Structure formats: structure tokens, C-alpha cells
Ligand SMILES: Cc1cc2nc3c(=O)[nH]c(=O)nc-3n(C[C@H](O)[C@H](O)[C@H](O)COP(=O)(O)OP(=O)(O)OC[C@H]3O[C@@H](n4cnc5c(N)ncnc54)[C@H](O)[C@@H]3O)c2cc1C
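Encoded as C-alpha cells, the following chain is the form predicted alone, with no partner shown.
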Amino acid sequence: MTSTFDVAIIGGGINGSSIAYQLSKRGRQVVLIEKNQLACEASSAAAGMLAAQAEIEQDGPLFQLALKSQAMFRELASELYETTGIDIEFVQKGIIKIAETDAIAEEIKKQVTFQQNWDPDIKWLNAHELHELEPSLSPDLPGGMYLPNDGHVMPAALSKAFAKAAIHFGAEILENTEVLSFLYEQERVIGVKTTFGDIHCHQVVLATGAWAAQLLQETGIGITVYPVKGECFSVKPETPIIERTIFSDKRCYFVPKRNGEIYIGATQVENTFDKNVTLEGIAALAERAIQLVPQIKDARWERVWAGVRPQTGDGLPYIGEHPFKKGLFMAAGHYRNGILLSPVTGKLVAGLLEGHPDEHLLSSFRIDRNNKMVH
């Protein structure tokens, strides 16, 4: 292996792999460094919803970024399949954001009006229309917002496809290799010190999700990225009981996968890196699931798991260059939207490193916003 590259990317999750793919496709010499295995953290724990308009309820920089990224998936799925042979299982059968009370129904109706500015196909379904579309939903639900153009993917497959495509274009992957610190020449980052030696490069991208703040501390900037554990489980009915993704405003969702499994998530436990699944968390989630889709109680139990999402103080990811360490860039803090935002994050960071930043899109995601500087 060479020890000098154009770009070293720290973190082999979905965004690190997307950035590696975009840069290597442009002819850059890239090394992707992961302390464990690729996609072993949040990227493999996510359900893979591409719910730009179901999850994000207000216009703003995150919403616009999400819409841009969501629109990239159909072409990306074909592109990655042609390059790697990996099917990311892109499904576009729509999402229903259900209302559990009349009061929530009124709020969601307002969201329908707002969301129709970007997608005129979005509509409100009353109780009768809702149960015509998804008969297994609880008859007590007053209705929901139908987003027919939303969908989902298999996150682990997407992450592996990004990495395999990056390798196809010449990138090197180092797993089980931990980055210990940065290498500097005056105020410029020129590489990284790892458990297996130094790697020199012209640019470094930090894409370590919920762990990003730890390594960034040595550079004199304190960012607000903290872990939020999410517990999930899956079941497999004998015959399909829902066709579309079901999303509740109380943060319970159902994602029906091609193999017949239904992914159900997710709890939210802040400020812990502990990925143990608790009986309390899964029991509460199962109770909610049965309330919303009663037939699911008869489905065969498959598995449980947990992941750690990277949340930030203001809910926006960090995508940009370090304010005073030249050559150091960051892409982390995507919270619940890491899978959704991975295509656009890869393109934005690649453009940034090549000196062609999309200032309009990136201005709200700067690293030095609302953070403590000790430089």
C-alpha cells in the first residue's frame, strides 16, 4: 500500500464511503480508513427510509438538501449496480405519515399543504382512504399524509456499494485501522497517524458520525455532536400485511423490505454509545407497533439491533472545511438522515475538496457555526 494519497477519509460509514466514491470517480487518489469494519455503526442499523418530506416538516437548508439528495437515488441505484453488481434495493412505493389523533390530523393537513409546493402528488387521506390503501392499519386512525414518491433502500448494501465502487475507481480501503491524531505542517493538516503508521495526504475528511467531536478536539474547535441510540426489531409475516412505509409522528415506523421482513423502529436514548438492546425499549416499541398495525402481533419474530445516530446541537449536519486547519474537512452529524443525505454529501464534499464549493447549499452547515473556538 502507498502511504501518500490525495485524500484520506476517516470513517467507513455511508457518508465516508459516498465521499470516497465521488472523489475516486473524479480521479483522486483516495484512502478510506475505518477503525472497525465498513458500515458497522449507524449505516447498517438504519431502516433506510428516504423520508425527506415525512421527517422534515419545515422549509430550510436541511429540507432543501434532503430534497436534492432524494432526487438522486433512482439514477444512483442504476449507476452503482452497473459498477458493482450490488442492488441497493431502492423501493419507491411511497410513505404514509399517519395521524393518531384528530389534533395531529389537523397538523398533518397543514404539512400536506406545505409539502405540495414541492410535490403536487402528496395528498391527505381520510380514514376511509387510508384503510383502502393499507387495510392492516388500525381502524382508529383518522387519516394520514400520503407521499407516493418517497421510498427506502437497504443501508448496508448502499454503503458497501459506495465502497466497492470507490475501489473500482482506484480507492484503497483500510479496515481495523484507527486514526489516532492528525499530522500537521504549521497550520495545515498533511495526514493522519494511525495504529499502523502514518499516512500522508493533501486533504483529510473527518466522517466519523457520533464520534466526530472526539478527534476534532485536538484541532482547537469544540463541536456539538452527540450520540442518540436507536433500538429496532424486525418481523416477517407469512404474507405481506403492509406495502408502503408507515411513519408515525411519535417516531415509530414500519419499513417493508423486499425479502418480506418489516423493520420497526426506533427508540431514542440520548448521550450513550451503548448499543445493547433493552427489553424496556423493544417492549415499548412492540406495543406501539401492535397499536398501529394490529396484525403484526402474529408475525414471526426475526431479530433486534441498535445503532448510534450522530445528532448535533442545532439539528444540522457539519459539512465544510475547518476554519483554521487548512486541508481538514468534515462531514458528520447527519442524525436520522444519514442514508437520505449520503448521495448529496458525497457530491458536495467532492466539489469542496476540488475547489468548487456549492456555497449556497453549504453555508448553513459550516463547522464554525455556534461552536467553541480555542484557537
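All residue numbers refer to positions in the sequence shown, first residue = 1. All values derive from a computational prediction rather than experimental measurement.
One more form of this protein exists, namely the form predicted together with the named molecule; it is left out here, but the text below deals with it.
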| item | value |
| --- | --- |
| In the predicted bound form, segment of 62 to 70, 346 to 354, 320 to 328, 29 to 37 with a heavy atom within 4.5 Å of the named molecule | 29 to 37 |
| Option touching the named molecule, based on a heavy atom within 4.5 Å in the predicted bound form, out of Trp124, Trp211, Phe169, Phe90 | Trp211 |
| Within 4.5 Å of the named molecule in the predicted bound form, all of Ile10, Met49 and Val179 (non-hydrogen atom) | yes |
| Gly143, heavy atom within 4.5 angstroms of the named molecule in the predicted bound form | no |
| Non-hydrogen atom contact Val308 with the named molecule in the predicted bound form at 4.5 angstroms | yes |
| Interface membership of Phe254, the named molecule in the predicted bound form, 4.5 Å heavy atom rule | no |
| Contact flag, Thr312 vs the named molecule in the predicted bound form, heavy atom cut 4.5 Å | no |
| Contacts with the named molecule in the predicted bound form - residues in 317 to 338 whose heavy atoms fall within 4.5 Å | His334, Tyr335, Arg336, Asn337, Gly338 |
